[in-house]
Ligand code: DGJ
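Just one chain is shown here, as structure tokens, and it is the form predicted on its own.
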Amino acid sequence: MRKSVILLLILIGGNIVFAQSDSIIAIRTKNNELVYSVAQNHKVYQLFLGQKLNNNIELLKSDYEKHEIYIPFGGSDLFESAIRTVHNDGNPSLELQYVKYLTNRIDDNVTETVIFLKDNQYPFEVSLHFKAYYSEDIIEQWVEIVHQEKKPLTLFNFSSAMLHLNASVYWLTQFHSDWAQEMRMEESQLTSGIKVIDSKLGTRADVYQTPFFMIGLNKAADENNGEVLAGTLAWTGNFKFTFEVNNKNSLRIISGINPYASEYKLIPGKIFVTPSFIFAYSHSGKELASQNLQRWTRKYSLLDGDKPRLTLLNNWETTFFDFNEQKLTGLIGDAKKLGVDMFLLDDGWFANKYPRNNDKTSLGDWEPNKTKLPNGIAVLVKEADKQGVKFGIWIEPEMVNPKSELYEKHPDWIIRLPNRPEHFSRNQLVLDLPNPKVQDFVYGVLDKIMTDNPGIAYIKWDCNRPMTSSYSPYLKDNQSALYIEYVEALYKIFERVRQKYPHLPIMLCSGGGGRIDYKALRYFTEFWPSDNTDPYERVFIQWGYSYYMPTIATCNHITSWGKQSIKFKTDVAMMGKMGYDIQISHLNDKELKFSQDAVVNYKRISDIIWFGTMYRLVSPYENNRAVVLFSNESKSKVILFSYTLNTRFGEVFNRVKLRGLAADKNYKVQEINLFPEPKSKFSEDGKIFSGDYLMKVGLTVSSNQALSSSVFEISQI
């Protein structure tokens, strides 16, 4: 730390006095900073969040509104608090005062700052942690809580972050969901009072509300204009975002685990660590914040985010539960014929006493079904290897059906109320993961499959129901810990999986987007956005996810959903990690040839889609079309996708101005994925234009034919 330099400031009209210039604590990235300072009352205040200042010392003498960093319950503040507890003597208050701060440079890009606070009357300490990712302009924040009182304390609130914003108006962008209706984007102005986005579902916590938001300051931000704060919580369980506009029109954002039914008993000396709140600030619209979050996710959150992915053929929509060894062998041949990398065997392959022939039975009994697969999984793995493709398999190890041997043997392993009727969702119950024996069982499901069949190259990990009748036999008299302990137990299982199988590709599938967060993705290579694979619907679903998730993580499959052409389905699926879940034998010769060529095309351009910079050019929320573009780092190649949706009679689409090109370079425009005509209908196809022209004048990229699509490869020459 620097030596203290006394600043003589005058207390005018009750303003907070900051006494030392070295009391400035700045968390800085390449372009932005979050600034705190210590006042003479020994409290820490947030002074600023925004574009980096040339001289942030000036904040100390300004009348810019200042807010306490992490406001506890029980003091003089009249609005929502970040933390609440009751001490051993019954005192319900906290008074958190500054102790010190430390800064540690982890590497050339990442710096961690820790601000230490403690109560001035009780042995209760809070440390606020901030990781600044310099190049990505991302800040990660979490809190660690510990006490040394004689008896356990109960934490009633335990937020990960409290941020304060000052603007004339605030526009909230949120994403609401349901099964097959994930990531529906909605924008509204925040008014005086409280707006809450939360989940109380335990497992599949993201089903109805998704843990992502954006705040536009002073006006509703668009892709390239306006101040934006984009945030999310890295937690695979119940979450809560509170947005409170106070009497002075300041906005307080509190983010963390939902404390609903989760009063947490904290024993002396144990450190309670909250999940991370991750946010990006942009002064030039949503696009910049989104690009930074995508880059950060690939590098720091997504497992093997810099590695290529496998294309695959899934059997689910071809066979559902009705298959045998011969039928699967034929489908493995279809995967080879199509040209994809892998065949994925979905639900229905397991259990014998209660065979898995529908979704009403068998979960928990993870041995191969002898009627369907008399030679087990191993023969399929060998057949795939013989055909030159890899083999993957589906599991749902956290759940149990009441009609199963596991249910009969271990009723004490199931989350359910002891004196109430069982409540089923999808004919399932949830296993009691806080129980270490259950953790061993769940880990053992995957480990045994891999040990018995070492050639398996991919796992699809599903989770198809939320938590209800929430009672853990293992936790007994500590039921309020269930929602938190379940998630912590899940992470322990994931850690064990990754210790033994560090780079095994695993899809995070939860009946669609029921479990999408940055913490879970640290253990997974990709996720399943929605069971809704109708390409028209997928345009909106994929659009929403793209604000936070890189396309390399987003699994998009070509299926029988929807009545659109195979081209439209393929072009939509290409905007991510493409796969197939369709009956190849039902394709005619032209459709099969198109699909085979599309796989070749996709493998050739996928590195740009997966690792390039994404630009959302035309929004489906504002037009009857969507246009997105991916540019590689050198700006030498661009892939553009245009999707025409349900058009009106005679509707004409304007030219689209491109982004992500070099103005002084020339580019050749080439439409690819043509079907059924061998030639493009666009007059500019095959022509050469400067990057300057393409970005200022643009291209005609959309047909006015409903449910049509086009893909352009634009290459520097």
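Quantities reported herein were computed from a predicted structural model and do not represent experimental measurements. The first residue of the sequence shown is number 1, and the count goes up from there.
What comes next is about the form predicted in complex with this ligand, which is not displayed.
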| request: Choose from 595-603, 345-353, 411-419, 268-276 the stretch whose residues reach within 4.5 Å of this ligand in the predicted bound form, heavy atoms counted. | output: 345-353
| Hey, in the predicted bound form, is Gly216 touching this ligand, heavy atoms inside 4.5 Å? | no
| message | Taking this ligand as it sits in the predicted bound form, is Asp531 near enough to touch it, meaning that at least one heavy atom pair lies within 4.5 angstroms? | response | yes
| said: Whether Gly511 contacts this ligand in the predicted bound form should be assessed with a 4.5 Å heavy atom distance threshold; does it? | reply: yes
| said: With the partner left out here, check for me: in the predicted bound form, does some heavy atom of Glu263 sit within 4.5 Å of this ligand? | reply: no
| task | Answer with one of Arg465, Arg625, Lys460, Arg515: the residue that has a non-hydrogen atom within 4.5 Å of this ligand in the predicted bound form. | result | Lys460
| remark: Exactly one of Arg426, Lys100, Lys307, His423 comes within 4.5 Å of this ligand in the predicted bound form through a heavy atom, and that residue is Arg426
